[in-house]
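Let's start with one chain on its own, the form predicted on its own, as C-alpha cells.
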C-alpha cells in the first residue's frame, strides 16, 4: 500500500520531469502532466495491468493519452515504471530531432505508446476501437483477451466533433471496459473554456448512455473509488476529474499561461519550494523511483499466469491466437486468390468494382476469420457485407460486421484502434467523397504504418445522378498525396482481387480502394499467376515502341482500351498502361519504371479526376483527359460525355499531339 505522502511524491515526480523537460526544450505543454499527475499515479500504481518488461503482452490494459500535447505525462510514467527503452536521457531529449520523446506521442517510437495522438479527439476514438477489439476477441478467445481500455482526454478532445461520434457509438455498443478520464480543468489555449463552450459534458455523456462519475482529480481515494465503480459498470464510464492545470506552480496554476509554454526558471524554483521538491532537474529521489519501479512490477505474476494459460490452451486455438497477434495471414490465402483469378479469367465478368470487391471479400472473409467489416451506413452501396459478416449488436459481439452509423470520422479512427489493439484486420466502407471526413485518421494510419483498409466506393463522376456534391474530383489526388498510403483504383474484377490481396498482405501501411458504381468490362482477359497490381502500373496492351501511350486507372482503363482500338484502326500504334496504384509504381526499380513510362512521342493520361499527379507519367507537355471542375448531375454516361471523358476525346487528343 502506498501512503498519501508517498503518492504525493510519486505524482510530483511526474510533475517535475514534465516541467524540467519542457523547460530544457523551451517548448511543450506542462499544464496537463502537472494537473493529471494524481490520476496517472493512482491508475498506474493500483489498476493498470501492464508489464514494462513485456510491453506487447496481448492481454495488457491499453492506456491512450488522447490529449497528446501532454506527452510528458506518458513519457514520465514510462520512464518511472521501468520501460527499458525510455531512459532519463530520452526524457532530457524531449522534442529534439530524432528523439523518442517527440512533441506528441508517436506509435513505434517507444514501447508503451499505444497510438500516435495529438490531433485532439483521435485517441478517444482509437480507444473505442480498442474496446471493440477486446470485446470481440474475448468472445472468441475467452480469458486470453480480458482487459480494460483507459483513455485520458482534455476539454479540447471533447469539443472536437469526432468525440461525439466516438462516445455515441461506445454508449450504443455498451463498451463497459472503456474508461475515459476527462481532465476537467476549464482551460484552453485561449483562456477559460467558457470563452467558447458551455456544454454540460456530464449531461452529454449520460444522453449517449455512459456511466458518469465526478471526482476531485487531486483526491487519490476518490480517483480510486471512481475506477472501481467504473469496473463494475455495464456501460462505458466517464470519470470527470476536476483538476487545476499546472498544479503546484504557485503563480501560473489554473491559468492558460501554463498550458503550452515553459514555466520559466523563477516559476519552477517557486514550484520546487511549494511542493517541497529539493532534487535537481531530472533527478528522481531513490525512494520515489523505487516506489515507481515496484509499481511497474505489479502485473508480472498476472502476466506469468496468462502465459501459462496460453501454453496450456488447446493447440489449434493457441496457434490461431498467436498467428493473429503476429499479424500473419493463414496458409492458403495466396492460393485461394490465385484460384479466384483463374475463375475470373474464364468468366470475364462485367461488373462494377464495388461488386467485384464484394465478390473478392466473399473469398477473403471465408479464409480470414480476423477480418472485421463495416460501413458508415452505406452497406448496400459499399457492398462490404458478405455471407460471413453477421452484424455485431450491443448484446451480441459474435458477428464480424460493425454498423458504424453515419460516422465516417469516428469509424476511420476506431479502425485505427482496432488494428493497434491487434488480432483483427478492420475494413470499413464509405463513399469516396466522404474520405474528406476520414482524412485525419487515414493520415495517422499512414504515419503510424498500420494495416487499415478503406473501401471507398462511388469513386468518380460515374456516381452520376447524385451530382457534384457526391462526385469525387480532387479526392484521388488528395489521398495519393498522403505519404505511406496505398491508394488503389482497380480497372476490373481481377485487379480488384489483386488490390485486396496486396492490402491484406501489407502490414506496415494502410490502403484505400477506390471503386466504381458503374459496371466495367473485364480489362484482364488472361490469367496471370503474378499479381500485376503489385508493381503499381503495368503494360496492358500494345508494344513499347508505340506512337502513343495511354495511362489510365480504374473505370477509365475501359475508355483507354476503346481509344486504342479506334486509333489502331487509323494505323496509329498505341500502348495502354493500367495504373492501379501510383504509390507502388514509384517504388519500383528504375529499370521497370523507365520501361513502363516508355518513350512514346505522345503520352496521354485518362482519369475522371483532376490532373494533379499525372505529370509524373506524361510530363508537363502530355495530354490529359479528365476533370478541371466539379461534376454535374445526370446519368453517368451523359456526365462522362458532358465533360469529354470519352474514347473519342482520347483519340482527338492523340491526333492533335501527333499533328
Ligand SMILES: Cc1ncc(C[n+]2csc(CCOP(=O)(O)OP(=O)(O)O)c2C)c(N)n1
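Positions refer to the first chain, counted from 1. Quick caveat: nothing in here was measured; it's all calculated off a predicted structure.
The protein also exists as the form predicted together with this ligand; that form is not presented, and the subsequent description refers to it.
Candidate site formed by 119, 156 and 187: every one of these residues places a non-hydrogen atom within 4.5 angstroms of this ligand in the predicted bound form.
The stretch from 485-493, 551-559, 147-155, 538-546 that comes within 4.5 Å of this ligand in the predicted bound form, counting heavy atoms only, is 147-155.
Taking a 4.5 Å heavy atom cutoff to this ligand in the predicted bound form, the contact residue among 113, 137, 245, 169 is 245. Interface residue among 358, 583, 320, 160 relative to this ligand in the predicted bound form, by the heavy atom within 4.5 Å criterion: 160. Using a 4.5 angstroms limit between non-hydrogen atoms, residue 259 touches this ligand in the predicted bound form. In the predicted bound form, this ligand sits beyond 4.5 Å of every heavy atom of residue 37. Residue contact check for residue 32: one or more of its heavy atoms lie within 4.5 Å of this ligand in the predicted bound form. None of the heavy atoms of residue 60 is located within 4.5 Å of this ligand in the predicted bound form.
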